[in-house]
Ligand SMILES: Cc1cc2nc3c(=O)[nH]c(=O)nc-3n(C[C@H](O)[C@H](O)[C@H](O)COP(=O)(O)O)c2cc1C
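Read the single chain below, which is given as structure tokens and is the form predicted alone.
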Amino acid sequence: MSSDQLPVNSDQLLVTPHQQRAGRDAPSLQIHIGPLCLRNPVMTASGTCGYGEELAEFVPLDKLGAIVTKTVTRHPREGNPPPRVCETAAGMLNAIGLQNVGIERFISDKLPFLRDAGATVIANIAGEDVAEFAELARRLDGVGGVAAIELNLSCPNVAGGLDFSTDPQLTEATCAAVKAATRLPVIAKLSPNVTDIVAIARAAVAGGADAVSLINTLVGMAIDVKTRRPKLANVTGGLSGPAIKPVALRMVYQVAQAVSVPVIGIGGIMTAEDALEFLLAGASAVQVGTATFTNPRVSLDVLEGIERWMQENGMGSVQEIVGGLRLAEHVPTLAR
């Protein structure tokens, strides 16, 4: 029997050219966040893996798109008094209060490890006023090992922490001051604790932000009925985890339709499927946070799951997923 007469397995007839390609070639996971090119769209979320050293035992840091370090301030901070964390239904509350080593020790003591590990580092910063945000950005400008800056405009656990992300004018002014102080890409991290997230996102872009990341935590609280006291010494804290994912997904979808810069999705991502939802909603990348406390290697699991899904669906580039949500024609846009 000649080769062209060999019987054909019926399953082979169902294999598309895309699937054949996926079987041969690994899909491209590379993405761009403004001028920043990342190897893949999966990052850690600020405050959930310290300065990376804690995570390195479980995840090769150079395999992730980026490590977003915990917020750093001008001076060291001890944070809020304990108890500062408590578990809630489908999530957790935290009121850490931006405990950190300060900008000088961050540069001298924390960055060398991340550089040696080959990690792409996005430094998250917070200032008490616009000038301090700019000062921190200026201090990081040109420091080896820092690829971008994320502005913590939205911490709900410190006095005045939400001011920068609830006032569009202050959001714009802060982004503009930071952009003038650094050549690094600037990402504005936004709060869900606002009436109109789109207005805040547009203000950040007007101020020059190269991307926006959202959402930060929702303000919440928990009470111990036995003692009749708050479970957090701070009374309120930031709610994170799976409980906030539907809110985060909706806000990412709204903002992605309204701004021209990349959107980074955050909030309740536990699996690759969760991350894919954010990408389909319009996010160019995602940050994995609270899930790290239950599974330290979850960020790598999410990354590997995205790649498998792309191969199974015959996708050559992660860009094919971004904004790929399918809607009926009559569905109105949510952006304003």
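Keep in mind the model is a prediction, meaning the values are calculated, not measured. All residue numbers refer to positions in the sequence shown, first residue = 1.
The discussion below concerns the form predicted in complex with the named molecule, not included here.
Undergrad: By the heavy atom within 4.5 Å rule, which residue out of A181, L232, A203, I96 makes contact with the named molecule in the predicted bound form?
TA: Only one listed residue qualifies here, and that residue is I96.
Undergrad: Tell me, out of V212, I215, I122, C175, which residue has a non-hydrogen atom within 4.5 angstroms of the named molecule in the predicted bound form.
TA: None of the others qualify; the residue that does is I215.
Undergrad: I need the one stretch from 56 to 64, 29 to 37, 265 to 273, 307 to 315 whose residues put non-hydrogen atoms within 4.5 angstroms of the named molecule in the predicted bound form.
TA: Result of the contact check: 265 to 273.
Undergrad: May I ask you to check whether A148 falls inside a 4.5 Å heavy atom distance of the named molecule in the predicted bound form?
TA: No - in the predicted bound form, heavy atoms of A148 and the named molecule never come within 4.5 Å of each other.
Undergrad: Quick check on V286: any heavy atom within 4.5 Å of the named molecule in the predicted bound form?
TA: V286 lies outside the contact set for the named molecule.
Undergrad: Given that the named molecule is not shown alongside this chain, does G241 nevertheless sit within 4.5 Å of it in the predicted bound form, heavy atom to heavy atom?
TA: Yes - in the predicted bound form, heavy atoms of G241 and the named molecule come within 4.5 Å of each other.
Undergrad: Although the named molecule is absent from this view, report whether T71 comes within 4.5 Å of it in the predicted bound form, heavy atoms only.
TA: Result yes; T71 sits at the interface with the named molecule in the predicted bound form.
Undergrad: Which residues in 46 to 72 have a heavy atom within 4.5 Å of the named molecule in the predicted bound form?
TA: In sequence order, S46, G47, T48, K70, T71 come within 4.5 Å of the partner.
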